[in-house]
Structure formats: C-alpha cells, structure tokens
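Heads up, the chain below is alone and in the form predicted alone; it's given as structure tokens.
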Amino acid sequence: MSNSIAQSNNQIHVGWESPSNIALVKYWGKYGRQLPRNASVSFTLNTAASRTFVGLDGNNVSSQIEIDFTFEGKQNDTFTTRIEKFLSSIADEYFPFLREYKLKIDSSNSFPHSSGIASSASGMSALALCLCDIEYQLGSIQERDDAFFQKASLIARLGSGSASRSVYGTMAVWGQHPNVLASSDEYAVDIAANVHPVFRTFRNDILIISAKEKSVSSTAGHHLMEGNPFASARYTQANDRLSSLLVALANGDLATFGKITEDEALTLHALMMCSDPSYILMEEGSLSVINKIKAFRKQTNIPVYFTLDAGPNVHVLYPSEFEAQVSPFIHSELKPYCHEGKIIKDSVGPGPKKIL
C-alpha cells in the first residue's frame, strides 16, 4: 500500500446510531456460531439506542487487532476486551482491513447502563454498521443497499444474536421460518412491509423494576437450554406462535398479538425455572405489575399488554391512540414498583441512521 493511499484511508471516520429492540417471540437457545434454535420477531425501538463512531487510527504493524475503545468517553477494560475478541473472530473472514489499521472506537447509549434495555443489541448492531460502512468507504463494496444491511445483520449476530434484528426498522424476524420469505439463521430480515399500521407507532414503556445486575447472564441462560427437558417442545412452540403472530401483525389483530406476546414472556421465564440449576429473574414487583396490567385491561378493554426480556423489568405495550388513558395508569399504579420510579418511555421506530 502506498503512503498516499494509507494516509487517505486513515482519514476514514464513520458513525451510526442503532436502536435496541424488544422480542415478541423470544430467541432462547442457540447452536453453532450464534445460530438460533427457533425464529424470533421483535419491535425495533425508537429512542433507546447506541451511538458508535469508528475511525481508522494509523497503520497496524502487528497481526493483532489494535483498538482504542472508549464507552461514553471513558476507558472500559471489560468492553475493550470483548470488542477485541469479537473483531479478532471476524477479521480474516469478513473484514481483512481490521488487521491493516488501528481502530479508534467510541460508543455511548441514550439510556442508562443496567436499565433493562438490551444494550448488546444496539451496541453490536451500531458497531457492525460502522464496520460495513468502512468497508464501503475503502471501496470493497459499491453501495449501501440491501446486501449492505444483510451483511451488517450477520456481523451483528456474531456479536449478539438479538443485535441482528436491530439493523432493521419497525419489525424484523431472525431465524429460518417457512412463513417468512428469505428468512435465515444467519441474519435477520425486514418485515415492516407486512405489518399493519397500528403496530408501526406502538408504545413501549419500560418499567425498571430493578437496576441490579442479573444473577444469571443471558449467555449462561442460552447454554442451560441444552439440558432443559422442555427445549425441543419449546422450539416447536416458538415457531408455531410466530406463524400465528405474523397473521395477527398483518391484520392488526390486537387481541391475538397481546395473547401471544404475553404467553411468550411467561414461557421465557418458565424455561428459566425449569433449567438445571433453576433460577428466577422476575421479582415481586414484576409479578405485581403484570397482575395490575391484566386487571386494567379487563376493567377498561384497552389493549395494553406486557412483555419481559431475560430480566425483571416489564415492557408495557399499547397502541399510540390509547396513550392518554394508559399513561396515567402507569404513573399512578405501576410507577411505585419501579426502582427509584424509573420509567423509560419509548415506541416502535424506523431503525438505524448514519450520523457521520
């Protein structure tokens, strides 16, 4: 490489903002290299996002990955080690330039750390988009087209399974499924075009029941599914539920959407309780909130539902047209169960955007 080309390449700096997502049909259990045991579908969030900037920071004279990583402007050894390991695992197969240049990476979240939002989904998808953008800037690919986002989804998946879905706006499916065209275990696909308008502006208020670190990580939880006696039936169940949910999403069927979404949340936590060793991530406040949401729905006939990720915090889902009725209920009846009264208001969003 000539000095002039190297100098020019060292001026490349890119930035992407990518959102988190909340799974409706859950991915729980994996095989091989971050491949899912069943297909999953998620809402892409709007304001809960990671902003990541990546720049080429001089030539790399060693064969090792060299990065200067900061999280919200500060050095973070744990994150640095994880990113270095991830980049080393993908460099030779996907991004040879990672061994040619030093990288300067800075990332930040629009939401507090340990707030019950999947920061690995937003963070890894933002990083994947930056890497694909650098590849584009280097001239290795010609356009930021469908293939660009498909590769970004694949790379994001290798960092965090759920991150594969954050590359797309509104809703995405990850995992091969007979009812989803071009679906794959390797990357997610955009299904926004097949979603009824009522779901495009759905609200997602996140109740922070606990800000403590989980007692069992999601990585460990996925591993425990290998010995779970209900695993096989679960994977069949998840794919069947996705078939039904896809129809409800297309038709604007709120009742079916709500039933499947809530059943999936409770199934996820039931699988944890049936693991060996068993464990429980929901807390008393989680159960109280769930019961109050069910009671409110029964009393008012307002289509408000809940889901949970692999933790105690509760996502309250409802159509935007009912915000005036649901918000006072959340504030008066559910907020007392939240850690320091913390609620993060969000909604379904359009997906990632390039910011540099």
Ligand code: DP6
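Predicted, not measured: the structure shown is a model, and the values here were computed from it. Note that residue numbering follows the sequence shown and begins at 1.
There is also a form predicted in complex with the ligand; it is not shown, and the following applies to it.
Q: Would His315 show up as a contact with the ligand in the predicted complex if we use heavy atoms at 4.5 Å?
A: His315 lies outside the contact set for the ligand.
Q: How about Thr219 - does it come within 4.5 Å of the ligand in the predicted complex, if we only consider non-hydrogen atoms?
A: Flag for Thr219 set to yes.
Q: If we define contact as a non-hydrogen atom of the residue within 4.5 angstroms of the partner, is Ser120 a contact of the ligand in the predicted complex?
A: Contact check for Ser120: yes, within 4.5 Å of the ligand in the predicted complex.
Q: So in the predicted complex, does any heavy atom of Gln34 sit within 4.5 Å of the ligand?
A: It does: once the ligand is placed as it appears in the predicted complex, Gln34 has a heavy atom within 4.5 Å of it.
Q: Given that the partner is absent here, state which listed stretch (305-313, 321-329, 47-55, 287-295) has heavy atoms within 4.5 Å of the ligand in the predicted complex.
A: The contacting stretch here is 305-313.
Q: With the ligand left out of view, which of Ser153, Ser107, Ser162, Asn204 would have a heavy atom within 4.5 Å of it in the predicted complex?
A: Selected residue: Ser162.
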